[in-house]
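Before any questions on how it binds or moves, here is one chain, the form predicted alone, in structure tokens.
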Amino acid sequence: MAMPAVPYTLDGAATLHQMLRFHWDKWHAQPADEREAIVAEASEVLGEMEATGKSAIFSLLGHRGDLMVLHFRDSFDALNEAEMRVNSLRLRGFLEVSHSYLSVVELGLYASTSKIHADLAEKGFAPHSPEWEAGAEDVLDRQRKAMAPRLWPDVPPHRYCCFYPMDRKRGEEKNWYVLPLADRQRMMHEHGLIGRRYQGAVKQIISGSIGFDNWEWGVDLFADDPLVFKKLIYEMRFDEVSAIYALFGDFYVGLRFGASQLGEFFAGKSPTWEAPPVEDSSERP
């Protein structure tokens, strides 16, 4: 009996990265009292979003933008509301979108997929039959509940964020999607072992973007020491799945700061940051 080739995934929070370029000349041309009013409005609105733990602001390094605003929400509708709240600010007239990325927090289940398939086949269920689908969904539902904190995260309270999109190769010579599931499972297991060695130094959130954006996955890394990004990603380049099958997009690195410090940022200072108190978000869908 041929097993399905597609691994199961658990899907959670709708995720949006907004990369924004600030028009400094236009800003400095405004009267001081107007600038103060604009900052006060933005600080209040973004502060409310930040207090939920589901939105955060980063000062981007380099030429790809000045700000990155990251949102986690429970649905695309809620994500659109967050985007529109930012767009409705008077500050938005001084911002230009340099890039954005839409995705959904995803946990890949390579190892669990093989076990689920084996258990269902042992029961005599045919792949994709109603009995097969119901049995798989029962297992996945239990795993969704167990993994809820990872599927519906708050923005991790670290100073630095590194975001990048990535694909798996699907060309004529190297094609991830035609490999047997067992081979992909083995390589992803070896890949994951590297990440586990960095637990405590870096927090990683993977989001799936197939059908939502131009790449297949987005990767967010959060840490209090930015050098850990270089060490982790460099080491992973040597494992089989990355060395042979991975393609990477642009990297965005930013320093987190609070909405209350927007005035410092727009005064041309690098704002410091301390983790803000977060509202109780223990309720999860």
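For every residue, the number given is its place in the sequence shown, counted from 1. These numbers come from a predicted model, not from an experiment.
Keep in mind that the form predicted in complex with a small molecule is missing from the display, and what follows is about it.
This chain is displayed without the small molecule, yet in the predicted complex the stretch 216 to 224 from 33 to 41, 216 to 224, 254 to 262, 64 to 72 comes within 4.5 Å of it by heavy atoms. Taking 116, 105, 95, 166 one by one, only a single residue has any non-hydrogen atom within 4.5 Å of the small molecule in the predicted complex, and it is 166. Only one of 87, 129, 204, 175 comes within 4.5 Å of the small molecule in the predicted complex through a heavy atom, and that residue is 204. Using a 4.5 Å cutoff between non-hydrogen atoms, residue 180 does not count as a contact of the small molecule in the predicted complex.
Of the heavy atoms in residue 82, none are within 4.5 Å of the small molecule in the predicted complex. Looking at residue 59, you'd find every heavy atom of it more than 4.5 angstroms from the small molecule in the predicted complex.
Taking non-hydrogen atoms only, residue 242 approaches the small molecule to within 4.5 angstroms in the predicted complex.
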